Each structure stands twice: as structure tokens, then as C-alpha cells.
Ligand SMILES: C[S@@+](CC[C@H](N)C(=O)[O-])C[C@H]1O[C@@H](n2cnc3c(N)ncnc32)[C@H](O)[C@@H]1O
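Here's a solo chain for you in C-alpha cells, the form predicted on its own.
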């Protein structure tokens, strides 16, 4: 298991105390995010939750770098902001509250970006991948968690009506990732839930 700092544990403790769902990345994925976002000047995260993954990315930023993290739930965003302030990374992180399908456009003038991490609603993954393809710099990296879709990404959506929208969305997202007109290189890192990674 990758080592957590006290700051990471503090954020987790605050998340549990607030009753947030236990759906954050694990320390191993956190260390992977640190590696992928190493020395990024401008990074994006879609899906803040309580701020645990944001802390891993913030640790990797270049001096003066900034992470823009997006969260649909205002209560989660408020908790994350207070956690960032408590652990001393608030000056590196900007939280944007609202549906990222709409609010991502608010940071587009600050691009292009070096790194984008996607860990949010699975139905919107195709939109998020296309956004990353447009707004990452050449050589920039996109990473997306849960790319295995909890073991369902390979299923035929016509035979899985309950999960069909998510299955189709994730399959479309992977098609975008593997399209060389969007990303020059891609891979699937076999974490517990699958981390899809592409380089623009």
C-alpha cells in the first residue's frame, strides 16, 4: 500500500465523520495520480468528493501550480474546502461547484492544461474525455478511475438494461481514449477498478 501522509488521513477522517460515501480512490491510486500529475502547472479534477484525491494531485504540482477541482454537491465541496484549509493546501486548489458538464467551461480560458483526472458520474465520461482532448496541451495526460465499470464495461448493454446507459457511456469513453485523433497513446492500468490513461 502506498504511504499516506497525516494530511491524507485527516481528510479521510473528516469525510467519514461527515458521512460521505466510501467511494474515494485508495492510497495506491493516489500515488499513481501523484506520478501522472508530477510537476503539472495546471491540473483539473472532475469529482472532488471530500478532497482526498485532490490532496494527492496537489502534492505533485509544480511550484506555483494550481488544481481546479469540480464537485456537483455543494455540501461535499464545502467539506473539501475546509479540509484543504485545515491541511494547508487551499492556496493550490480552486473548487468549482455545480454540474461539470456546464462548469468546465469556466476554466477554459486558463488552459491548456497539463493533467486531467476524471472520477465522477460515469454517464458523463464521454463528455469529460472529449473536454480533456480539447483542452489538454499536447503531451498532457488524462486519467479516469472506475474504467472497468465495476466489472461491467465488457458486457453487452442490450442484455443489461439496468446498467445499459453506464455501459454504453464507458464503452464510448474508451473508444474516445483509443482514438488516435484524440490521444496518441493510451493504456489501462489494472488497479482494482481500472485506471484508463491517455496522452494527448
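On a predicted model such as this, the values are computed, not experimentally measured, just so you know. Residue numbers count along the first chain shown, from 1.
Below, we refer to the form predicted together with the ligand, which is not included among the displayed structures.
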property: Proximity to the ligand in the predicted bound form (heavy atom, within 4.5 Å), stretch among 164 to 172, 22 to 30, 135 to 143, 35 to 43; result: 22 to 30
property: Distance check, residue 101 to the ligand in the predicted bound form, heavy atom within 4.5 Å; result: yes
property: Residue 128, heavy atom within 4.5 angstroms of the ligand in the predicted bound form; result: yes
property: The ligand contact at residue 84 in the predicted bound form, heavy atom, 4.5 Å; result: no
property: is_contact(residue 115, the ligand) in the predicted bound form, heavy atom dist at most 4.5 Å; result: no
property: Partner contacts in the predicted bound form for 169 to 195 (non-hydrogen atom within 4.5 angstroms of the ligand); result: none
